[in-house]
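Only one chain is included here, represented as structure tokens and corresponding to the form predicted on its own.
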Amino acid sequence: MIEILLLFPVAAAILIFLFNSRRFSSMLILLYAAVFLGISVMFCFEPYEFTRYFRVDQLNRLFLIILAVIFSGVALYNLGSMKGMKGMKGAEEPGRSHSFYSMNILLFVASMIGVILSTHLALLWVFVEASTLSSSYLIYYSRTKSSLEATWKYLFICSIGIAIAFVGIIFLSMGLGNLDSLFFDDLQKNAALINPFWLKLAYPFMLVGFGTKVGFGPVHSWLPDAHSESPSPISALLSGTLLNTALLGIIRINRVMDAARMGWYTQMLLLVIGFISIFIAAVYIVNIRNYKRMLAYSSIENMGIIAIGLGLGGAGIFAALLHTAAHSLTKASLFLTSGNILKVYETKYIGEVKGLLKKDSLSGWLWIFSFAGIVGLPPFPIFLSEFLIIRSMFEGGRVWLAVIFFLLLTVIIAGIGRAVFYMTGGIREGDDISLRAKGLGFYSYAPQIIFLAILILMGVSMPDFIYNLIQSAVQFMGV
């Protein structure tokens, strides 16, 4: 089954290139999404291994099902989104451009699957780099000056980050002695034999290196540009899934550090980088003018919250994994809805969007409910994850951390809330309130409705299926 997930996109990309058909490309993406989702659900009930290098375990199946659900929604949205894309200035005809777009989506998803299922540190590193290369065309798709700048920044910063991670892997290898294996199982089993000096030296390099792809501050500067310039379906994938895959690499390394009795070291660094990320997001969101960049900084904030949860340990780890799932679904809903707003108003600037509830009421309500989900208003599950994190701080005697955490979140909620309610309320003087959203159809709304329904279900009465996925991942991490 794993071989299907990894090889299907390669074969499909070749077919898309040969047939060069917009309809065929979209249908093939949707078919792969359906196959991926079905196989991922199967993996939740039974483990699977494809060679020694790829395996489904209690930890990565959570990340796999998140990727499958988000990608399925994106594939559905993609059926109607391409008609509204503007700014194509390349020499290729639209059909050929769409073929390259579809090919790279498939290869991008395959590379993220490779990261999630890898059992070897070096192989995981290779797939992280592959995800950078395969997604770069998707960021540049509109072929504008700003998208070109965002793509080069993305390639340059993420390549430096992955190079730093590679240095960390070299340092780790130097401390292995006779072990000579970078399989995660071997590293964890023999963690006590790894030279502590090289292990302590290697971890910050890998944290910063992989953390660059996660979007941790202060190595986050590629993220606002890439997320804001990408087509909305790609922004949903970047924020809802790509950040998670790099985060999984850090979690794998954390397990090795815990086995070597250096959990205190990783927790300290995660808490520092988590609060830096939230602080950076709070500073920029207060006066943000571009609503897609606002969502990008929100991603930085939420990845910081996840880092804090991991750094607290105990119940904080359950909260971090719950927050990971909730953030992915909510942010995908926000970015897809932002695509609807962009089609209606043809601008990314908050000040030029007003009266969304009157011009496209369904997108307006999706925007409001997604906002409620991302800031953690009940009954959305982010409320529960943030409550558990704050409780862990109090139980650990870190009241001052809880105060700072609460204040930063309040600033962020105020900043995002002001933008959301400005955009949805009222109407501009002299504006025609006739719907410019006529080009939006079923596919432009359905994925967000599904994501929000799942989130509300998780918040009101979490299904045993989802709870067991998260809890088994926590147990796998040794908590």
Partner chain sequence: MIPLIIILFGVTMLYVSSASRIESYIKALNMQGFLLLLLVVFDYGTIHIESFIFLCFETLVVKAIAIPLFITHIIRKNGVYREVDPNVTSRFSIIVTSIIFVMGFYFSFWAIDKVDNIRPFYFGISISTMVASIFIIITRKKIITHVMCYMMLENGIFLLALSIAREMPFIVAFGMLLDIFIAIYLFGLFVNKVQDTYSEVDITKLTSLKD
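Please read these numbers as outputs of a predicted model, since none were measured by experiment. Positions refer to the first chain, counted from 1.
Beyond the structure shown, there is the form predicted in complex with the partner chain, which is absent from this document and is the topic of what follows.
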So in the predicted complex, does any heavy atom of residue 258 sit within 4.5 Å of the partner chain? no
Given that the partner is absent here, does residue 345 sit within 4.5 Å of the partner chain in the predicted complex, heavy atoms only? no
Classify residue 402 as contacting or not contacting the partner chain in the predicted complex by the rule of any non-hydrogen atom within 4.5 angstroms, answering yes or no. no
Heavy atoms within 4.5 Å of the partner chain in the predicted complex: does residue 360 have any? no
Spot the stretch among 313-321, 326-334, 365-373, 223-231 with residues whose non-hydrogen atoms come within 4.5 Å of the partner chain in the predicted complex. 223-231
Checking 407, 193, 272, 170 against the partner chain in the predicted complex, the residue with a non-hydrogen atom inside 4.5 angstroms turns out to be 170
Looking at 387, 197, 264, 394 here, can you tell me which has any non-hydrogen atom within 4.5 angstroms of the partner chain in the predicted complex? 197
Neighbours of the partner chain in the predicted complex among 285-300 [non-hydrogen atom within 4.5 angstroms]: 288, 293, 297
